[in-house]
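Just the one chain here, laid out as structure tokens, in the form predicted on its own.
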Amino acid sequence: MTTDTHLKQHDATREKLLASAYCEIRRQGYQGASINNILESTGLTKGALYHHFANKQALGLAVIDEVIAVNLNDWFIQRIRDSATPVETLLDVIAQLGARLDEEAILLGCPLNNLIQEMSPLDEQFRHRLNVILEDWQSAIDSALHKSQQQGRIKPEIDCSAAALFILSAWEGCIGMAKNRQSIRPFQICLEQLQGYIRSLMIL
């Protein structure tokens, strides 16, 4: 076996474990997640898992860093950072969020927020890694608002940093409300109000 082939198999095994662990944690929470279920869904052995991850905590932290953070960056953060018209892109992404939310998302909620609620009070490493994602997300929204303010699209009196914190909090709250109510309608109402708030910041 060549070195390149070995590395590809190594990477594929790690990705398979991360994907399975993400699904298990999303359904059961981190504390309820079963290593046996993860192995059963992948067809891998405990030896393979512990070759890549020292323990369950290391696996959970990798899910945060390599799945949740990457997904958020690819779907949202990089889009508004790269946008020439970031506040319009922000509104567009929020509108798309309503279309992306399916029955499973309503049932299970936001994987990031679920882990924040479950693990931040219990594990400092989890709390830190989750906070890194929140800070990056908030920073992206803050930068989008500041850039739009410089473009004359956001009112000059707006405190963009405070608005970014509120937008992020409201966004996560919308998804949490949908999960609690097990209904998409409260989510849609919340998103409409969030879009209205962002438009109220703009010079139309």
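Computed from a predicted structure; not experimentally measured. The first residue of the shown sequence is 1; numbering continues from there.
The same protein also has a form predicted together with another copy of the chain, omitted here; what follows describes it.
Mapping the unseen interface onto this chain, A19 falls outside it, with no heavy atom inside 4.5 Å of another copy of the chain in the predicted bound form. In the predicted bound form, none of the heavy atoms of I141 sits within 4.5 Å of a heavy atom of another copy of the chain. In the predicted bound form, another copy of the chain lies farther than 4.5 Å from every heavy atom of A58. Proximity of Q150 to another copy of the chain in the predicted bound form: non-hydrogen atoms within 4.5 Å are absent; the residue sits far from the partner. A170 is the sole member of L44, I35, I68, A170 with a non-hydrogen atom within 4.5 Å of another copy of the chain in the predicted bound form. This chain is displayed alone, yet in the predicted bound form one of L49, V63, I154, C174 has a heavy atom within 4.5 Å of another copy of the chain; that residue is C174. Along 172 to 200, residues E172, G173, C174, G176, M177, K179, N180, R181, Q182, P186, I189, C190, Q193, L194, Y197 each place a heavy atom within 4.5 Å of another copy of the chain in the predicted bound form.
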